[in-house]
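One protein chain, two forms: both are listed below as structure tokens, the first as structure 1 and the second as structure 2.
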Structure 1
Amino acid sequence: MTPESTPILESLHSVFGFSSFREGQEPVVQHLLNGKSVLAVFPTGSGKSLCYQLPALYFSGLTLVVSPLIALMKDQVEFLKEFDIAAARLDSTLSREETKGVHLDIRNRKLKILFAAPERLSNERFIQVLQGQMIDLMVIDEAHCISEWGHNFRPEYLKLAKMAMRLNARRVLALTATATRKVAEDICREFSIEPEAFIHTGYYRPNLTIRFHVVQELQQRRELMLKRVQENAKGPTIVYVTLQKTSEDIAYFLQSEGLPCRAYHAGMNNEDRNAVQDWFMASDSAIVVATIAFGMGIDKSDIRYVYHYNLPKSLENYSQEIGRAGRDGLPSACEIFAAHEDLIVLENFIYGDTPEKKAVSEMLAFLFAQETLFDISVHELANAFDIRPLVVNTLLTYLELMNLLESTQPFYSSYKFQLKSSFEEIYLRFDSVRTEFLKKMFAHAVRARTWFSIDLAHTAEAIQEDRDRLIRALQFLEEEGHLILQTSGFRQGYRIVKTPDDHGLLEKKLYSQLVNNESLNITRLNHVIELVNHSGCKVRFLLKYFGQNRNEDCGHCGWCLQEKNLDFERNSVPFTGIGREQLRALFEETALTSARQMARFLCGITSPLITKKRLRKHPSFACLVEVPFANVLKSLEILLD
């Protein structure tokens, strides 16, 4: 069957309401129907979802969509259900009963399309449910996260290629709106995508006007922001900021001027964030002041304005964020208001991810001192060695890629259950063999007031049964309504494949990779400054960065419209005000032990150790927040010498 065949075109029209394919969609569908894996790089809002929704109708098995975007999952499931396409999602917003229902539908093969977060594929209960299912298509949304060269590298994405093989996925569709040449190469290599199955439609958006302004004072930025919003015609608007506090401050400022505005950031609870999203989706004039998470996966075609109150952290982020404007093809405006303070905040985020070299060494020594089979908690490692959890995950992934460690099954260390039926009622439903097994298992459950806890590792060893059988039994009893099951204490199992010959060399190599990542992210930030300062067509500069050449100026960016703005020049604030005696006193008060830890503390950058010691309440925390981290670190190293 091909996209030109009558059934495909009929489905395109009757199910999705389209008379023809958009650019790029047809070859993607063609390759998938032919059994090939595909990488599709389409601009935001150009119809990536249809590329898996349509062929999924013609696959006999399940289409598994892996996406970090809860809003996208929610919208897509609601859309598909309107057309009687069996779809479901698994994410953190579902209740226990809803999750249980989805698991049951998967087991009974009732679903066509299932949406799940990448972290869900580290959930042993979910893997148990998926195994044995026929997965005709595995979709990797935001696929650029798989590449260290990408702007949003996520270690768990590196494991998706192995998971696709483990689940026997027949084909893979990798989707992203932003991928440089290097990132695209990484994605194609990981998923064995052939060159002809890399479909790229380009990044040019002729309906977007992009403008840039450098401001010297924060009050000037507020006034310019307000002026823009008031002078432009009303329309759905996103104002992007870096910090949660800025989101709330600017939203309050715009509200005080009588504008329909709300804040949105990760510090809000799910209910409040969902309320803001729903309000924004239903409005033709709403303004949301948000950190970068807002807009991802939200299918609103009439966003007229996207403002960056703070600098974006990379051109990839910038391209993705302005891509949310004008998806309906109508004229839309995007504008950056850049200030020197932005650069320091963004650089500090980057520098805060790089741990102590000594911490990396100590973590490696700990890992390779374990038994051949062992398990760890990322949270515990982060606290023990003062390394941020994302970086702990990255280091563990590197060790897997070096074939020194091999991840085994992830699991929960703690299982709890609450009975809905008595033990006697449960036993009556099974034959004598299964009843004897259940009695042995439940004999090791410890009762509190209403919940029983059970150590599965200890129980499995005590009754000489496989741990997986215990899990399957508990899941079955939950599905049958006999108990409510809760899990906690997520741990990842590992096997030591090979002990490193030279720990010092390994430590040096891993730390070098972390420093290189730091340098790469600083370079990405500098590319944003280069775009702001570029004397020429801004659109051509942006397209060239993504490997797309345009032979003529766009005619609709700030430069082409002959707008002038101040050049963005780095303000190098000197390190002053702390002498050796004061520094010595700070080390004693905080119990910090190195120049990098102290630099984080003074610049207001959190770490597991700073959080654990509650040092954010110390009067000197963030006292040098306006000084570049690199300046503080260098000066501290000189003072400590």
Structure 2
Amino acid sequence: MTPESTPILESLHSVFGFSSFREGQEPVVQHLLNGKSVLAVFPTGSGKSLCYQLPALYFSGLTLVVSPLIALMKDQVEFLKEFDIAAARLDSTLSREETKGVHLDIRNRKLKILFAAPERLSNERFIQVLQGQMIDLMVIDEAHCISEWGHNFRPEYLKLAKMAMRLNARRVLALTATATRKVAEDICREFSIEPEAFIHTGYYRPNLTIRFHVVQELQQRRELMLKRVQENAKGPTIVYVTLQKTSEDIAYFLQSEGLPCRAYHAGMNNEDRNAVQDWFMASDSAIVVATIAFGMGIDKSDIRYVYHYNLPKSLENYSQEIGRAGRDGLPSACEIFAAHEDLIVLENFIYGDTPEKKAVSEMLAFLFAQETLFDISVHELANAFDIRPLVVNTLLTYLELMNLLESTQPFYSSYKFQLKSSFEEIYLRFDSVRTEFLKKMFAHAVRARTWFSIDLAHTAEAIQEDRDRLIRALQFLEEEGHLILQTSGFRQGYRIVKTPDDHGLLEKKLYSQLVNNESLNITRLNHVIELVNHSGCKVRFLLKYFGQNRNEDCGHCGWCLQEKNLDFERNSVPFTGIGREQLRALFEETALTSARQMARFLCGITSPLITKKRLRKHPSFACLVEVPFANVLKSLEILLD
């Protein structure tokens, strides 16, 4: 390991084999070594990780890196191991044994750098393991998630600031590729970062040409994009779309035109996604039509084109997505093909997240009626109260931040297994006492088609055995190759710290926070339209959004190239065709109970309840898909009055 006296430039050569620092890296490393906390805002691919990898070598204690992306953590750990730096990760894909091993390594001070997902910090056991340690540096990757002004606000990130204090982290390094002025302010405030320790390299990318097209008809859009792909020289290309289905449709369309093209989205299984990614990485002409899931872990420097087949949902997303083009510095082209339909789809995603006020109040009543120690499944709560799972999580986190709840630990309530040997073959391998135990346990396994499932709490109670013994037995059988084991039924444990004094007030507060998130997301979407419509240099507009003033036009964006001025107008399709009578009938048929639920249904926005009641098959589902949600909601409220 590098002795503390080695100059940092020498370590950069000798440990990592790099000849010089990239822009921004050196001041970040210097500040950290001087004991300061730092916010570093560099574009993706510009080498943010080195900013902690290098100083970590100079610290005697641990560097804890909190990162939400499991794939990236894996890559990082492998990268560091290549350089003989002791690193490990803790994430949900590790087995119990592996997790124990890492805990032990932490206790024995064997690790220099530890990666953990943010939710890991909701695990008391993990916190206990860390509390005995000297944490010299805590790194927050994707730090923009901490700000409600950021495009991907994750309230559990706010817990990280508290955690940095609780763990006595000596200094913090916050990393992100995009931060508006407000977001940067939030990050600096939460982690006590001084203004001079905010290091950013600027967003201007002179080798990118950004262009815009507004199309009136969907058919026209396909043709236009095809034309663009055909007229441009071949090169690695990403086409971003909003919906999984569009990614398949467009990939199919381009394939049928003889182009090397594949779809990529979160609905595909890991294996298929990895195959697409490998294929893309190895090619110099591949086209991937992807939802935003694609690109996170991609370190490919020669991406020549990034097309937005659909409008991006925010300027932060847009700038990250186009930022994947041309990292080698060579000219690259980015183009948006916007259509009015895109707007409604994106708005509906946003509106679908806001639950009913009543749902929030019922969920609160449920939570605070529990015993002091209790556990929940987010999925169950989502279904019970008709709140999207992500929003259930958000609400729980708000309650934690208000010091009403405290998370204890996550666990699995059940296991699923598939037999590789028959039960009879298994029993033959054990003595009579163990066989008896296994028989009793398996008597409580419920068989589906090929998988069995075992509810641990229920089975342990029924056969009067320890829950841990059941788990150990199943794990042993897996190790011996008798079965394939999977955990299921994820639950999070909580402790009630304090019952709220005033339920009404709490409801109001939480609900208004959700409504506030909704309106911030809508504003963010409107900024994208402003960029498309802006008569002026688009690059300057974009830079200004991120707080950077540029005095001259870029000379190479759509506007500077004098492409025809665009006009993306809102298509305000009016609310028509549904009268009081019909509305009453619809309420009866669907058994929905409120204006908001009905508005979602008519606009084609799903919710746990709509899915559960199979209402997507109803002939009126999505019948007003072209009318803005806000209009539908307002009209319904008037009709119901």
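The model shown is predicted, which means the values in this text are computed figures rather than measured ones. C-alpha atoms forming the largest set that superposes within 1.5 Å between two forms make up the rigid core. Numbers follow structure 1, counted from its first residue as 1.
*Please state whether structure 1 or structure 2 is the form predicted on its own.*
The form predicted on its own is shown as structure 1.
*Kindly check if the Cα atom of Q76 is displaced 2 angstroms or more between the two structures relative to the superposed rigid core.*
It does shift by 2 Å or more.
*After the core is matched up, is the C-alpha of S20 off by 2 Å or more between the two structures?*
The answer is no; the displacement is under 2 Å.
*asked:* On a rigid core superposition, would F115 pass a 2 Å threshold for CA movement between the two structures?
replied: Superposed on the core, F115 moves its C-alpha 2 Å or more between the two structures.
*asked:* Can you give me the Cα shift for V433 between the two structures? Core-superposed, in angstrom, one decimal please.
replied: Between its two positions, the C-alpha of V433 lies 19.0 Å apart after core fitting.
*Cα shift between the two structures at S49, which is computed once both forms share a superposed rigid core (Å)*: Spelling it out: core superposed, C-alpha of S49 shifted, distance 2.8 Å.
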